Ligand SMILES: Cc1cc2nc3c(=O)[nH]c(=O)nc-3n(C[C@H](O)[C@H](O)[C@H](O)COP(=O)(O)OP(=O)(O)OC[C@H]3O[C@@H](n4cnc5c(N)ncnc54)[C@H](O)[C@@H]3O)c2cc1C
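In structure tokens, one chain follows: the form predicted on its own.
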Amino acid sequence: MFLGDIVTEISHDLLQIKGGTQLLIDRLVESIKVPIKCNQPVVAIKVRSNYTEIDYLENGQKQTRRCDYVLCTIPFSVMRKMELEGFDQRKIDSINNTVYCPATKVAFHTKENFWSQQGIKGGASFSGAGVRQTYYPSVKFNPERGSVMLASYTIGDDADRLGNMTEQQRHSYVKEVVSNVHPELQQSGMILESASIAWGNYEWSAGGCTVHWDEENYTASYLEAARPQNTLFFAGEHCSKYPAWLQGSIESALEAIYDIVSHKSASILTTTYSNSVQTIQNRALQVAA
């Protein structure tokens, strides 16, 4: 599985959104015709027989909202810290036992894309010493604004080691290691800016991604993660056979939406059928009378 991920990561078939992934988010926001509320952390999810209650904080005050349907994309690493009611034991076990792996990224804004002079156009290289993969952009940048390289993308123990450093230590360490492959980084003024994030230490993810290393339970683990609780449905990379990939998140979201629509249609059909049966029974009683 790890080898398969590496092959995918360095493949020329890897797709990127021209202009950046933010464009996907912007397009989704445009399609939603109701207000989107941010900075309102959810603190409790309560599953009822035919609706779901959400407790959240608004300006520090707890509010409760009753919803016919909920699509939850909160990572289980965060959910397990919340108050949960009405979940069956299998689901609680899935939330508590899903394994999350730390991930750390370090990016350099460079004065120029010096790697192109070596014939590098996209793809990745490996520097070792805990830095793991270095990724190169496959799109062109404005020469006046320089370029960007993902100098280090680590998962697992290496990510923890980098994540436990201060930002300055992290950036300096990655620069030194990657310079063994690209000595141009040591040139004065070559690195204009540095940025990094340690997802394992980030409050709203508490990890970089899920890992399904156990092949015997591989399918069961993500299917169980995606299994709904009455009208509470789940989506995200942890609910997908492609963990850690945006592709997996998108596919799981589409499947969850299909399940919600099917559930809603079935509920309407059941209600209509019940009403029809009741009407027939009432008419039968009237005829009998």
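A residue's number is simply how far along the shown sequence it sits, counting from 1. Here the structure is a predicted model, which is why all the values come from computation and not from measurement.
The next section is about a form of this same protein that is not shown, the form predicted together with this ligand.
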* **Interface residue in the model of the complex among Leu185, Ala103, Val106, Val131, criterion: non-hydrogen atom within 4.5 angstroms of this ligand** => Ala103
* Sole residue of Leu84, Ile74, Ile120, Val181 within 4.5 Å of this ligand in the model of the complex, by heavy atom -> Ile74
* Only one of 58 to 66, 244 to 252, 258 to 266, 26 to 34 gets a heavy atom within 4.5 Å of this ligand in the model of the complex; which is it? -> 244 to 252
* Answer with yes or no whether Tyr153 is in contact with this ligand in the model of the complex, where contact means some heavy atom within 4.5 Å. => yes
* So, in the model of the complex, is Pro41 in contact with this ligand at a 4.5 angstroms heavy atom limit? -> yes
* Asked: Quick one: does Trp204 come within 4.5 Å of this ligand in the model of the complex, counting heavy atoms only?
  -> yes
* Any non-hydrogen atom of Val177 within 4.5 angstroms of this ligand in the model of the complex -> no
